[in-house]
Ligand SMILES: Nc1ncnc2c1ncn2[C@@H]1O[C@H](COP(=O)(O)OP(=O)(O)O)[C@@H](O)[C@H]1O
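The data below hold one chain only, encoded as structure tokens and taken in the form predicted alone.
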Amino acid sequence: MNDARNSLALDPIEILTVPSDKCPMGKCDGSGFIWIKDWSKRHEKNVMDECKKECDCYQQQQKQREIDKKLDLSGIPPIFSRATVHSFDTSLYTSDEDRNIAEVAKIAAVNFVENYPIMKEHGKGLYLYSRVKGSGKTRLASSIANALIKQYGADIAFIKSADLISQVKKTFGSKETNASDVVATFRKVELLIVDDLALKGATSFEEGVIYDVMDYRMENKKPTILTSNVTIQDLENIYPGGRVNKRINKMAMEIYMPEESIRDQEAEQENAEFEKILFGE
């Protein structure tokens, strides 16, 4: 008994939490906190002798929660929520020429992520172009977004150009919000990704909205990534005012994507994996 008392006198702190594999540090039960008991305070009145303190993994967990929240709020298509730049499979393209083009695009994406602080400082983005739907433009843009959120905690808005316009139009007649508030969101976000820009001819109103967003982002050096089925030069045919394409040309590096759809190849690859689940090897 005396030995126990002497031990508590020398070290009155007892760890009550049982460590779990859920904690990357092997110290808590995965909650991010450690419960401790201070036996020296056991007989003190109005004093808690038990409390919890942050585990070394707590800040790491908080950072991961912030990343997950940003991923959820970014608007990245759910189908590409786990896409990574390095897993962009250029072997799915059937011709040597298309595989080479895809490799160059992949290298550009990797280097953009690695050098994002520099690109951000100068407000430079990417313009992923190919005439063919399903060529991998949206997937590669999503992969870049995922990487920037995870590596840099970047604030990102990912939206199709048609949805951007529709969100502005929804404010017409609304008492809760106005068009300026919606446009300001896309003007000021750290990184804006506009998918499927210029799929069809634009009205003067649509051109005005796109111009407003792009002009602000160019003037304030905010990086923007766009995907489209027309070249930057040919944007003038969609936005005849000639102001949109000039700003995008200043803001983004044009990256060509293969003129080949790989959706069927990806579907076959996915189905093969699910066949293993359903029917075994």
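When you see a residue number, it is the position in the sequence shown, counting from 1. Here the structure is a predicted model, which is why all the values come from computation and not from measurement. In this text, the rigid core denotes the largest set of C-alpha atoms whose superposition between the two forms falls within 1.5 Å.
Keep in mind the form predicted in complex with the named molecule is missing from the figure; the text below concerns it.
*Asks:* If you check S74, N146, S161, T138 against the named molecule in the predicted bound form, which one has a heavy atom within 4.5 Å?
*Replies:* Result of the distance check: T138.
*Asks:* Pick from K170, R99, R82, K133: which has a non-hydrogen atom within 4.5 Å of the named molecule in the predicted bound form?
*Replies:* Exactly one residue meets the criterion: K133.
*Asks:* Give a yes/no on whether E266 approaches the named molecule to within 4.5 Å in the predicted bound form, heavy atoms considered.
*Replies:* Judged by the heavy-atom cut-off of 4.5 Å, E266 is in contact with the named molecule in the predicted bound form.
*Asks:* Taking heavy atoms and a 4.5 Å cut-off, does I262 contact the named molecule in the predicted bound form?
*Replies:* Yes - in the predicted bound form, heavy atoms of I262 and the named molecule come within 4.5 Å of each other.
*Asks:* Would you classify A109 as touching the named molecule in the predicted bound form, given a 4.5 Å non-hydrogen atom cut-off?
*Replies:* Close contact is absent here: in the predicted bound form, A109 is far from the named molecule, nothing within 4.5 Å, heavy atoms only.
*Asks:* Heavy atom to heavy atom, is S204 within 4.5 Å of the named molecule in the predicted bound form?
*Replies:* Contact with the named molecule, no.
*Asks:* Tell me the stretch among 89-97, 180-188, 161-169, 204-212 that has any heavy atom within 4.5 angstroms of the named molecule in the predicted bound form.
*Replies:* That would be 89-97.
*Asks:* Would Q269 count as moving between this form and the one not shown, using a Cα shift of 2 angstroms or more after superposing the core as the test?
*Replies:* True for Q269: a C-alpha shift of 2 Å or more.
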